[in-house]
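To begin, one chain is listed below as structure tokens, in the form predicted on its own.
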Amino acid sequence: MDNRPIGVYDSGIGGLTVFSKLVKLLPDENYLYFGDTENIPYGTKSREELLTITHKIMNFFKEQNVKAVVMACNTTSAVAYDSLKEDYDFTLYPVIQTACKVIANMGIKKIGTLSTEATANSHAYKNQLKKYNPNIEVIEHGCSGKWVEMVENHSQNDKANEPVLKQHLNVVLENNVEKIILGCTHYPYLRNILTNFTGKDIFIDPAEYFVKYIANDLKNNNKLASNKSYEPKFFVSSNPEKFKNSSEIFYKLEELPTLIRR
């Protein structure tokens, strides 16, 4: 058994879609969540910027003596994972590489992805899906940074935002895909409004498969915590008040996150 913490991070509140599922599946674990609110959004940043940002986050978790870090961020999973996976002695769980192992074998012939521009440009989803299923056809599309901003600002249900959502969604739908991966952890928060333009069953939230893999892997490697002894701790790089307020759409924080300057 291993009672060391599990680190979870994202550019903001999006990773809470993964975090909340983890807490339900593995309630006895000791969690540390880091929201890099100072650098949001990640999707428009260069590879060099993302590598620098991700290394700083990993070093923070190293200082906290974590046993694993959940990369609940599609963009850095796509761009940074391969460059840093050998640099740390804790386990790294990247959302794209992990979830695609399952999604690729779901019998889907043609699939779309909605993600940040950085994730789409990396072709991480296409490469990983084809790694496990060479015959699958993948239509990748990078969405405007406004998609993330809608969630962070609680404006996802604002009618004024419907045109930009519909515009990007239609790019993928026009290719007659069977399923669409919501390839940014912020995007599941937009699912309800997206279903105004298409069927709800078309969307795949990778977090559902991601957390099950993590739970099984920790169990198989005897790294599960032995007992519940800690409450989750939350950290941000800026504006803890906004993070707390924004997070309430999916996970209610009892107190303000700790502000960490990196």
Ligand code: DGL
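For clarity, every value in this text was computed on a predicted model and none was experimentally measured. From 1 onward, residues are counted along the sequence shown.
Not pictured, yet referred to below: the form predicted together with the ligand.
Chemist: Quick one: 100, 113 and 180 and the ligand in the model of the complex, is every residue within 4.5 Å by at least one heavy atom?
Modeler: Heavy-atom distance to the ligand in the model of the complex: none of the three under 4.5 Å.
Chemist: Looking at 55-63, 22-30, 232-240, 42-50, which lies within 4.5 angstroms of the ligand in the model of the complex, counting heavy atoms?
Modeler: Of the stretches listed, the one contacting the partner is 42-50.
Chemist: Given that the ligand is not shown alongside this chain, does residue 148 nevertheless sit within 4.5 Å of it in the model of the complex, heavy atom to heavy atom?
Modeler: Contact with the ligand, yes.
Chemist: Where, within 1-39, is there a heavy atom within 4.5 Å of the ligand in the model of the complex? Residue list please.
Modeler: Heavy-atom contacts within 4.5 Å come from 10, 11.
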